[in-house]
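Provided below as structure tokens are two forms of one protein chain, presented individually as structure 1 and structure 2.
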Structure 1
Amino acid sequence: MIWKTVLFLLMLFVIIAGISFPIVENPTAWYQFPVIPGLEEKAKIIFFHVPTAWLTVVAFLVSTVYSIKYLKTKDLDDDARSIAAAQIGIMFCILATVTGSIWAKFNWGSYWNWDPRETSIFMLLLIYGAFFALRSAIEAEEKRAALSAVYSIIAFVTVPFFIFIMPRIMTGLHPGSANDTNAGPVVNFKMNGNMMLVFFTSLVAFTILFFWMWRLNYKSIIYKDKLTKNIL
């Protein structure tokens, strides 16, 4: 399909540009990024770390939307779409945590500092980890789907607070914290033109990747359920 080719080209561009384009004091070429005080070479993490955090929000939002649909329709297909999105969401949440920890090691000296941003994403991992524990503890399909839907809706209420609010109203080490005086161009999306191009291309590419993965995961859940029922 054409969109798969587009996705491949977008991801290829992001990987090449995000890794190989140099950061220099005074950029003179289109492929050079300017130095951002306080971040320097480590600023390149935004091309990969931020999109994974973004997909965490998108995936949990999609999961919640289909949880609401399930409560209205009682269609188990909606439950399958919800859990498929949640599974990908927790995966990208882990990736955001790992990439953030690697960046923290180089920037702050240790992988984990209990910064408000690190604490907030850890809380999300616990909340959605409990979500999967709840599902695995219930065997009846309809009861499991109904309780999961309610939990998913309640859990998502915490996502905007932990991702967008808490890390910005509390003092911390992460760029964008209440006491942050560096990295303003990154947090405020006022980077120079080529950085903006690579950054938003990355967001678009990762978003397309998510919907592709979500569709494949949903189909695998459906096929697995059909095989299980046929065996039984």
Structure 2
Amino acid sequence: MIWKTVLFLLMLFVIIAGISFPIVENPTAWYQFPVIPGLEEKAKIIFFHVPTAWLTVVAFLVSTVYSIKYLKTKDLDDDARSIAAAQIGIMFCILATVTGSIWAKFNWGSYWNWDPRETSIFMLLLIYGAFFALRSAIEAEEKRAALSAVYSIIAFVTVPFFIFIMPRIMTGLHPGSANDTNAGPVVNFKMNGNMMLVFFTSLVAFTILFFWMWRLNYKSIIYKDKLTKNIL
């Protein structure tokens, strides 16, 4: 209960501050955000878009951790925890892709540019998609749990290569745009103190939100499973 109250207050703050605090030329009051050249009002997406992308990664990590745990314990509850994290992960992955894409249209002029971060989120979307495709193709639940666990671990170990190789490839794809790719979509802008505060509060709040949703989700998966087999 205490966590839900904290989450409610944090989210309330993030939503009110993130949407209503004005962006002005020379911030004087505590609640004013500075203008960032090239972004202006569009800078506010950072409070909502970045946390969704962050949760995509967190969910993938949690899912892999419980995949490893499942292979050790062979406990279907751990499989439920892994799949629950992945389900929330793909949801946030789609949210991050869509919000980012819409934003890109207004700021960079097109919905999709294949810059390093867009490519990484696309890669994660593919992995999540493959993970669920694999799960739906296996009938026996223990086999399903073991194979999807193995797959998510293999996918997990290949992701670092991707992150490493991408900036090098992307400069190759967009000659003459070296500056853009180095900074990525998050332009190296100066957030002032209160912007920083709202941003990190948002990260914390979304992380708590994730773990809350995850707990509800895996519990319901486990109950549903037990109910269908009449062993509750």
Partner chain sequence: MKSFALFKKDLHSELRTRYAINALVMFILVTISVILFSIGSEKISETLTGGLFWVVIFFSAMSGLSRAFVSEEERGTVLTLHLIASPNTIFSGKLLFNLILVFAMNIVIALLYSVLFDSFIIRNFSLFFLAFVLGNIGIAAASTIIAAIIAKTGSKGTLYPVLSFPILLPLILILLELTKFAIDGTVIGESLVELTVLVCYDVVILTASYLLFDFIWKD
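None of these values were measured; they are calculated from a predicted model. Here the rigid core means the biggest group of C-alpha atoms that line up within 1.5 Å when the two forms are laid on top of each other. Sequence positions of structure 1, starting at 1, serve as the residue numbers.
Engineer: Which of the two shown corresponds to the form predicted in complex with the partner chain?
Structural biologist: Note: form predicted in complex with the partner chain is structure 2; the other is not.
Engineer: Would the C-alpha of T119 be classed as shifted by 2 Å or more between structures 1 and 2 after rigid-core alignment?
Structural biologist: T119 C-alpha, core-superposed: shift of 2 Å or more.
Engineer: Answer yes if the CA of W108 moves 2 Å or more between structures 1 and 2 after aligning the rigid core, and no otherwise.
Structural biologist: It does, since the W108 C-alpha is displaced 2 Å or more between structures 1 and 2 after the core fit.
Engineer: C-alpha of T158: shift of 2 angstroms or more between structures 1 and 2, rigid core aligned?
Structural biologist: Shift of 2 Å or more: yes.
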